[in-house]
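Take a look at this one chain, the form predicted on its own, written out in structure tokens.
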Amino acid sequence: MERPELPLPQLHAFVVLAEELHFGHAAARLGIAQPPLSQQIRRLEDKVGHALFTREPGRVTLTPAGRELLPAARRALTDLAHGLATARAVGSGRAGRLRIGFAASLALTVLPGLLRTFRQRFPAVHLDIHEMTTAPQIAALHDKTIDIGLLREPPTDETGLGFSTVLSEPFVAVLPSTHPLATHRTVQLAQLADSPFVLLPRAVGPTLHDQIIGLCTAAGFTPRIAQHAVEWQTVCALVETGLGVSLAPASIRRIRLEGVAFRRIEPNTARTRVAVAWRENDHNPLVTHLLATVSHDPPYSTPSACGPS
């Protein structure tokens, strides 16, 4: 069944006339002459199939059909005005929904300050936050299930995505507090050659995983991986139990566990990158606003490594 066209100008004329109950006054309020107003009302009545007003000399009143239509007409006009305002706000990036993926460890550094600054600037924007590791973020960006990614060590050969470095930080050794090297201020990487390692699996962050393996290889050994864990918090918890040692970004030292020690490493030239990622062909103004927030007012700092507590 064909739906009738919604006669919005006619509804507007109808509501004004219903409020004024005077053709001359209603026409003046609408800024039109009286004959065009009468034509608008006639067209609406033709669509309804019934008279909406009784017209008597010096007197205009609503018919039962007119009284029934009036609240619906007011709702339609209010909904339209609200929809137009919302569409303008979304189109300009002042409202809408922004889907952000983030690596869990970034809750220790980048995420809180970035979200706080963005929410202060765009309070009407709904932020939909998803915790995920690097590889799932890349897939989610391609699948268009997130709009922005905050991740560690983005791939270097990914097409269709843009990346911008937010911060870089050194690595630290993560040791059980009972480990003999925990009493040292600095750990030579070669000193970890005989220790089992707890690492993130390569599948969740290939570039970062390869970087850690490369550090060990450069120090003359291949790490013996005793256990994998998907999140850095879990890595630290497993280290605390004595399952092994690890190498981690320096910000991980903000995870406070009594049985874990974080120590500087030598050589200390390698750094790990935190980046913001987006689709290069995405014209969503909210993405543009968030990238501008990252670029112009970064609310974070690069953490340093630590010595003995």
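Throughout, rigid core stands for the largest set of C-alpha atoms superposing within 1.5 Å between the two forms. Residue numbers here begin at 1 and follow the sequence given. This structure is a prediction, so every number in the text was calculated from the model and none was measured.
One more form of this protein, predicted in complex with the DNA, exists but is not displayed; see below.
Heavy atoms of no residue among 15, 64 and 75 are located within 4.5 Å of the DNA in the predicted complex. The closest non-hydrogen atom of residue 60 lies within 4.5 Å of the DNA in the predicted complex. In the predicted complex, the DNA lies farther than 4.5 Å from every heavy atom of residue 272. A residue is said to contact a partner when one of its heavy atoms sits within 4.5 Å of a partner heavy atom; residue 10 meets this definition for the DNA in the predicted complex. In the predicted complex, at least one heavy atom of residue 31 sits within 4.5 Å of a heavy atom of the DNA. Note that among 64-72, 259-267, 237-245, 49-57, the stretch whose heavy atoms approach the DNA to within 4.5 Å in the predicted complex is 49-57. Residues of 101-128 are not found to place any heavy atom within 4.5 Å of the DNA in the predicted complex. After superposing the rigid core, the C-alpha of residue 289 moves by less than 2 Å between this form and the one not shown.
Taking 2 Å as the criterion, residue 41 counts as shifted between this form and the one not shown: its C-alpha moves by at least this amount when the rigid core is aligned. Residue 257 is not among the residues whose C-alpha shifts by 2 Å or more between this form and the one not shown once the rigid core is aligned; its shift stays under 2 Å.
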